[in-house]
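Taking the form predicted on its own, here's one chain by itself in structure tokens.
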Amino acid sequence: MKKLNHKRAMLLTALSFVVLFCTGLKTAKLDEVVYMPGHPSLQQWLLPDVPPQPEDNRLNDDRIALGKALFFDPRLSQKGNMSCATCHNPSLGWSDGLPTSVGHDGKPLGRASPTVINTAFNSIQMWDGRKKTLEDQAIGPMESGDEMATDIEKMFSFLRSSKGYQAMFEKAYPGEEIGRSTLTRAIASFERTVISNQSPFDRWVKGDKQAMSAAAINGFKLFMDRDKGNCAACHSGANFTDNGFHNLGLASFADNEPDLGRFSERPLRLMKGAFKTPTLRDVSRTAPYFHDGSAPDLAAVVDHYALGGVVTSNLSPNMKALTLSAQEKADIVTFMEALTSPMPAISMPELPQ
């Protein structure tokens, strides 16, 4: 039995390396870029205006309005003092501005609150990837005793007794009951409207020569260069994420009982201490950074990568020490800041009674 388990572990490790190798082959094409505004080679970084949607939850105004009300309603938490927007505040980059979030009864949580921005384009959700879809993750904080600690049955009793919510649910999902499926689909519908795809970088890709500064353009080149920033090894594609999981060698991984991240969901050696690559869209609004909130600003993030990580055990194969001058580091930060779209006005919904 031990020999069989050992062979299985060896096979899983080998498969992990194959996945990483194939990912590397895919991102290698990113080197074939002509850094001229509007050039066809840049079009791969443009996001569509409408994100992917499941067939049973196509976007419409009624579903979005219902989801927005649910997203901002603190009455859905156990004590009536927390909503989804508590940890995903639009004025704080749809996060909370804290190193790690604070949950039910003021309990400090172990991870930073990930932004909602462009989660609609993600193929997997949450820092450890334990949720597959937006619908799947929508009720997660309510079910968690550490987060909103919602009494689920009491919550649905409230929603079903509310004349305002009855009307909104019926308009959004005619003939369907007020339950888990309609609630999660509605919240996911609203989250799919939180899109960043109108940044200076996007305008530059479309051909606006004045949209990005010379420093930002140089930062993009460094970002792409494997021998310099090497950022695109993980922050690839139009949403600037590979939807993969990586151990970045953060100092917190040396704690006595470190957060094992993806390993808790997929017990592969390379996943120990590995966390999902976040989008860099609107990244200038979502400080502090990393899953543990240990980097106060983007300059500190670049410094960490230049160092090649602090804890080198089980380090992602994509991590390596970088040779970057102070100006090159600053240019990479300038480029990341150019990924920020104008912030749309977000009005608070009038909550149903």
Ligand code: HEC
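Just so it is clear, the structure is predicted and the values come from calculations on it, not from any experiment. One-based numbering along the sequence shown.
There is also a form predicted together with the ligand; it is not shown, and the following applies to it.
Trainee: Could you tell me if K221 has a non-hydrogen atom within 4.5 Å of the ligand in the model of the complex?
Mentor: Although the ligand is absent here, K221 would stay clear of it in the model of the complex, with no heavy atoms inside 4.5 Å.
Trainee: Taking any heavy atom pair closer than or equal to 4.5 Å as contact, tell me whether D202 reaches the ligand in the model of the complex.
Mentor: Contact with the ligand, no.
Trainee: Should P90 be classed as touching the ligand in the model of the complex when contacts are defined as heavy atoms within 4.5 Å?
Mentor: The answer is no: P90 has no heavy atom within 4.5 Å of the ligand.
Trainee: Since only the chain is shown here, I'm wondering whether S196 would be in contact with the ligand in the model of the complex (any heavy atom pair within 4.5 Å).
Mentor: Close contact is absent here: in the model of the complex, S196 is far from the ligand, nothing within 4.5 Å, heavy atoms only.
Trainee: So in the model of the complex, are M36, P51 and M212 all sitting within 4.5 Å of the ligand, heavy atoms only?
Mentor: No, the candidate spot makes no contact with the ligand.
Trainee: Which of these residues, I152, L268, L260, V102, gets a heavy atom within 4.5 Å of the ligand in the model of the complex?
Mentor: The option sitting close enough to the partner is V102.
Trainee: Between L42, V301, A69, L47, only one gets a heavy atom within 4.5 angstroms of the ligand in the model of the complex; which residue is that?
Mentor: Selected residue: V301.
Trainee: Which one, 202-210, 82-90, 161-169, 174-182, holds residues whose non-hydrogen atoms are within 4.5 Å of the ligand in the model of the complex?
Mentor: Among the candidates, contact is made by 82-90.
Trainee: In sequence order, which positions of 279-317 have a non-hydrogen atom within 4.5 Å of the ligand in the model of the complex?
Mentor: Contacting residues: L280, V283, T286, Y289, F290, H291, L298, V301, V302, Y305, S316.
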